[in-house]
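Below you'll find only one chain, the form predicted alone, shown as structure tokens.
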Amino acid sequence: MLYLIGLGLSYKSDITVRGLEAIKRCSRVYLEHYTSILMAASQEELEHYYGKTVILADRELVESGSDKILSGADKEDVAFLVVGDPFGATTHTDLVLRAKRQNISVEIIHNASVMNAVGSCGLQLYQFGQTISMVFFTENWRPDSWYDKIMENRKIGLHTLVLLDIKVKEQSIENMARGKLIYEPPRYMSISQCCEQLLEIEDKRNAKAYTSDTPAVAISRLGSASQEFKAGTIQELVEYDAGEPLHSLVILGRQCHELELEYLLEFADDREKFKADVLKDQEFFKPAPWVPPAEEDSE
């Protein structure tokens, strides 16, 4: 059996009882280590808590060496641990499909993830549209395909969750070209950098999917003891120091309910200004009033 087990967002004890029981039955335990990190628990602490050796699974192992993970899983139990929920990244769907093609039984054990815990900022989950990922820009690579998804969300009034890039065990282009197994220090995108990139692409595309005055919510260390929220415009959040990672961002949609707004005001430096910014933003993409068609003259 291959178990895909969600670990939750922060603590070693965030794992479900069923997930922990499954780990204790497994002969090998892998921890996916590139889409997110468990903020309040180290590899050593997890090993002590589980009573098992934990093998770190980087992107290369999961995407190119999945046969190593699946090897023997038809005869013994193997655990693949994912921070958050197992299906928070498409890579894990691919692993399940590979297992099924090899006739390996799969069991999924779910947990909390940013996709549902984001509701703790006060925005209602059913008011969210498509989620996007913001990657680190480089000198020659500044992708903006996500812009169209924000536009689509904003046109129908929905909030946009922005997941910020992390780089763990990544090689520089130079070292990759030379075949050197030298890895860059871990990097985690900040709220400030994300907002700078948002404004850069808006300036480039100039379609007004959002503006510098569009309200947003900065989310820091979601699910941990130091969890924080900050409500402000995208421009204001460029100047915001969100502290230690992990960070994410929500761009508000036009349909911001009064209860959502009341909740968000708790996180605004200037409550009256933020309320005015939200009300002003609600005019963007506001549908034109319905006008009944003119009746045709009957003869």
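Since this is a predicted model, take the numbers as computed values, not measurements. Residue positions are given as counts along the sequence shown, with the first one as 1.
The protein also exists as the form predicted in complex with a further copy of the same chain; that form is not presented, and the subsequent description refers to it.
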item	value
Contact label in the predicted complex: Gln282 to a further copy of the same chain, heavy atom within 4.5 Å	no
Close approach of Ala207 to a further copy of the same chain in the predicted complex, 4.5 Å, heavy atom	no
Contact label in the predicted complex: Lys167 to a further copy of the same chain, heavy atom within 4.5 Å	no
4.5 Å heavy atom contact, Lys100 to a further copy of the same chain in the predicted complex	yes
Option touching a further copy of the same chain, based on a heavy atom within 4.5 Å in the predicted complex, out of Ser105, Thr138, Thr211, Asn116	Asn116
Proximity to a further copy of the same chain in the predicted complex, single hit among Thr160, Ser220, Gln197, Asn111 (heavy atom within 4.5 Å)	Asn111
Candidate stretches 74-82, 212-220, 92-100, 188-196 - the one whose heavy atoms come within 4.5 Å of a further copy of the same chain in the predicted complex	92-100
Residues of 125-145 having any heavy atom within 4.5 Å of a further copy of the same chain in the predicted complex, listed in sequence order	Leu125, Tyr126, Phe128, Gly129, Gln130, Thr131
